[in-house]
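Before any questions on how it binds or moves, here is one chain, the form predicted alone, in structure tokens.
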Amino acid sequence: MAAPYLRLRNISKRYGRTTVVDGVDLDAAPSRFVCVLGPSGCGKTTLLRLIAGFETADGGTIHQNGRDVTVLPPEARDYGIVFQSYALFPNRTVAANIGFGLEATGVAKATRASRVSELLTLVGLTEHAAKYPNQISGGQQQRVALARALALSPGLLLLDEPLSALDANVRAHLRTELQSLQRRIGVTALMVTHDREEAFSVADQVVIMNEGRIEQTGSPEDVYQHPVNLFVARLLGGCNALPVDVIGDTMAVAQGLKLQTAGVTINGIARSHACIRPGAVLVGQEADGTPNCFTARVAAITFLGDIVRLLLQPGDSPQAVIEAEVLRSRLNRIPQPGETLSFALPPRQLMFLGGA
């Protein structure tokens, strides 16, 4: 395997008595798209600022392409950055904004014009070259900021929640464009975001942060299918989490529900919750006759177009509430509140996870 393009070892940052980044180790392979995902205040933006040199680490090392950049100022590091606010110059045209870094570093005018033209084509803004930022849309401004970050052909592209200011439809479209552009250029990219869908749609590697530490890292599929704890499971989507009362060989009791597992001995493993994704819960005829089948009263229904979300109160465990998400096409009809129906928690979909 290729050596990491970006390597962080035991990186820490404190503000007074508060530790914001706490002993972070992270490797980013060349030409990969890495997304650091976590809730507000988890330390992900501070981590990006440490990589950029806007902040100085209190401990640890940062290596980029084999070079120790831990204490180098931002201008001595090899990266381009796109900020959440885009930070475009309002008095410069689109073309002038893109060429700003080239101009500041003394690139010849003819070379600069050629590179700006190339980037305008790359991000699809050739016809807007002479416009000012306030004359183009938010999505187009984001493309200008991206082109400006790429103008000097950096080895690393840093993105600080670059799509969060856009509406949902534009955001979804630009996610696809961003991923495609990164693949074509081959630049190593690191983006911080609090949006799970955004991270999953572009990343080769997802890094989950919580309270300054990395909880888990892996491919989007791996971290979703195999979360290491309840925090990760909940961050990455809906999750029914039933506190475990008793656990033994291939069986568990969670909030009064006696559950078969998938045949793997789980006795002695310190897991505090039996977890299952709402989309993995079987409902109605699909549940009948399957393992871990129970009856429940429908407490509430939410219609979400192709998906129907049901809140179920099991008869065997009145204190539990199970959320199920079912494709509308799999239901003969939509159940009504107060009805009783069958549901099942398939053993192979159960996860036994620790954490609060």
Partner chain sequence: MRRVWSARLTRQTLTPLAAVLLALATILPISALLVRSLFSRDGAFAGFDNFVRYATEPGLAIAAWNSITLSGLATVLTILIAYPLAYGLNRSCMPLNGLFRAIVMLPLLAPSLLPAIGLIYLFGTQGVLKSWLMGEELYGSIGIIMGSVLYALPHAVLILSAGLAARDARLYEAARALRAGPWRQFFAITLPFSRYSIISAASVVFVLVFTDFGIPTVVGGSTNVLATDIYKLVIGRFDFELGAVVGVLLLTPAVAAYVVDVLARRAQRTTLSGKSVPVTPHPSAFRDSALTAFAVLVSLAVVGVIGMAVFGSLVKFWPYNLSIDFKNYARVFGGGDDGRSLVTSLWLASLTALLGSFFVALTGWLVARKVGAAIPTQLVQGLAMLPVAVPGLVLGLGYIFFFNAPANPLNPLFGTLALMVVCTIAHFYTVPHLMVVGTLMRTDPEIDLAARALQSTPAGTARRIHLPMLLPTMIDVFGYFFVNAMTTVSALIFLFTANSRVGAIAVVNLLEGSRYGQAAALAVLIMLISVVATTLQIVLRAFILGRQPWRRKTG
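Residue numbers count along the first chain shown, from 1. Predicted model only: the values in this text are computed from it and were never measured.
Just so you know, the form predicted in complex with its partner chain exists too; it's not on screen, but the next bit is about it.
Going by heavy atoms within 4.5 Å, which of 206-214, 237-245, 164-172, 96-104 lines up against its partner chain in the model of the complex?
In short, 96-104.
Ser85, Ser117, Ser219, Ser137: which sits within 4.5 Å of its partner chain in the model of the complex by any heavy atom?
For this set of options, the contacting one is Ser85.
Since exactly one of Gly279, Gly124, Pro74, Gly256 fits, which has a heavy atom within 4.5 Å of its partner chain in the model of the complex?
Filtering the options by heavy-atom distance leaves Pro74.
Does its partner chain come within 4.5 Å of a heavy atom in each of Ile81, Asn91 and Arg148 in the model of the complex?
Judged in the model of the complex, Ile81, Asn91 and Arg148 all sit within 4.5 Å of its partner chain.
So in the model of the complex, does any heavy atom of Ala113 sit within 4.5 Å of its partner chain?
Contact check for Ala113: no, nothing within 4.5 Å of its partner chain in the model of the complex.
For Ala262, is any heavy atom within 4.5 Å of its partner chain in the model of the complex, or not?
Output for Ala262 is no: heavy atoms all beyond 4.5 Å of its partner chain.
Should Arg49 be counted as a contact of its partner chain in the model of the complex, where contact means heavy atoms within 4.5 Å?
Judged by the heavy-atom cut-off of 4.5 Å, Arg49 is in contact with its partner chain in the model of the complex.
If you check in the model of the complex, is Val228 within 4.5 Å of its partner chain, heavy atoms only?
Although its partner chain is absent here, Val228 would stay clear of it in the model of the complex, with no heavy atoms inside 4.5 Å.
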